[in-house]
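The chain that follows stands alone, in the form predicted alone, written as structure tokens.
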């Protein structure tokens, strides 16, 4: 019999499944569709802004005490969050998609040690490795602003705004929704040296229009990779950091990134006169684009590959249409099929369907806000006029996005009386109450930390 049935295949559900399977549980994942990994930037944002939303958080560990007492991070504590992040970094590295601290390394070649503080230390080029645990880095957003990030894939690390080297932002003629001139202009307004260039897409393909996924798949091909390397080498100057849209391969991403960096070093060796000091090579980084997100899809594919190795099935197209409970235990759930409902039984269940964005919570025209699988009690206002504040960009956020499923310290959903609704049900991720993950820039951090904690809570109860 299945020990844990996870409902939801986003970052929360997939990472929780990996955690539970590695703890020895028999795990299955079902979901109505793909998770929101396909929408986000591929970075792990822990806590970018506090509820007042005024200034970016410099160090999330130091900011935890300013969150509401029932916030998921306050239920966990800094040590539990750090353990979850360590486990995520180990899993991502094993899957071939290593993540590093955005603030701990500027153009450093190897993975950082996430569990140990690193003292600030200047190197011979004036760059540095850092810093105290919990410190966020500032990476470039799709419009050239800074965005607070804690962990980033290697392809985005060189986008750090803490590095003083100049930028060259490169786009492709004919690629929509990526604006290198705008990004460079906004960087210059922040006092950064930056320029932009647009490369002809016709040198890569005869097609006139490509979206991000099509370009990433094209750049998995060796011939297209060689052409891109040649084009970038022609456009770049020594010492520049090259920002490209996040399309550098889908399945063979790390191979292309290594080729580009090797070409950078080789070019500078050729251009440096004998006996002269070698000039710093250009380094490359990806800038996230509008959805669909190629970095998010890489992360999703990496986690699914790990689950395949752990013999965990992930089944998409499973919309829950019925639940059977007896007393304080869930006996089974049913999902829609073409003929009759399909029944799923397990010893334990984990709700990881997301909030309003992920479809785990929905509101109707009569003002009711409902959790869509188990109809659990929510903290969201049940009067439509109270959902939103008058100002769209109100610094306090909107109550409907801050509502969710309240849980205890073991992440079991609570009823109106403050007791767990079911003894074999857990909840994690954006479906949880007392947080506004998008406004806080904490969506991925909450997914990883609460998914990890809930999976371990289930494993300890077995």
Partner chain sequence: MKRIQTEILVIGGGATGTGVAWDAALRGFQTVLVEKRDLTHGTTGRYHGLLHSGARYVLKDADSAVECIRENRILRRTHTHCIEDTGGFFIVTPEDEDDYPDRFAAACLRLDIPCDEIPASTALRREPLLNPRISRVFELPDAAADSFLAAHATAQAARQAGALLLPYHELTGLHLSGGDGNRAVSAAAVLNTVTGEELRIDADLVINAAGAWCGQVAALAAVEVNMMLGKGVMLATNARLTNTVINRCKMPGDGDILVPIHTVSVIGTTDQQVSDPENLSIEQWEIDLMLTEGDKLVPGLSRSRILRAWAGVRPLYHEPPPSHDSIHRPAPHPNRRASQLEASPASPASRDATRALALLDHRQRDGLSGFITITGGKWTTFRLMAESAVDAACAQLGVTRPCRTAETPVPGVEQGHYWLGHRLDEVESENQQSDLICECELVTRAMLEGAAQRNPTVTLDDLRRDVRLGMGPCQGGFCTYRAVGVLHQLRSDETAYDSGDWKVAHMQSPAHHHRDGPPADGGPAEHAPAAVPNPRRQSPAIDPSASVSQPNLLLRDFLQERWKGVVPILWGDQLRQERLDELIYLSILNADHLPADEGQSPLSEFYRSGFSYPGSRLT
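Please read all numbers here as calculations on a predicted model, not as lab measurements. Residue numbers count along the first chain shown, from 1.
One more form of this protein, predicted together with its partner chain, exists but is not displayed; see below.
Proximity to its partner chain in the predicted bound form holds for none of 213, 230 and 304, with the criterion being a heavy atom within 4.5 Å. Partner contacts here mean any heavy atom within 4.5 Å of its partner chain in the predicted bound form, and among 306 to 314, 323 to 331, 178 to 186, 255 to 263 they occur only in 178 to 186.
When contacts are judged by a 4.5 Å heavy atom cut-off, residue 385 counts as touching its partner chain in the predicted bound form. At a distance threshold of 4.5 angstroms between non-hydrogen atoms, residue 398 is in contact with its partner chain in the predicted bound form. Taking non-hydrogen atoms only, residue 393 approaches its partner chain to within 4.5 angstroms in the predicted bound form.
When contacts are judged by a 4.5 Å heavy atom cut-off, residue 147 counts as touching its partner chain in the predicted bound form.
Comment: its partner chain is not present in this chain, but in the predicted bound form one of 345, 221, 80, 141 has a heavy atom within 4.5 Å of it, namely 141.
This chain lacks the partner; the member of 341, 239, 377, 291 within 4.5 angstroms of its partner chain in the predicted bound form by a non-hydrogen atom is 291. Residues are counted as partner-facing when one of their heavy atoms sits within 4.5 Å of its partner chain in the predicted bound form; in 198 to 217 these are 208, 209, 210, in sequence order.
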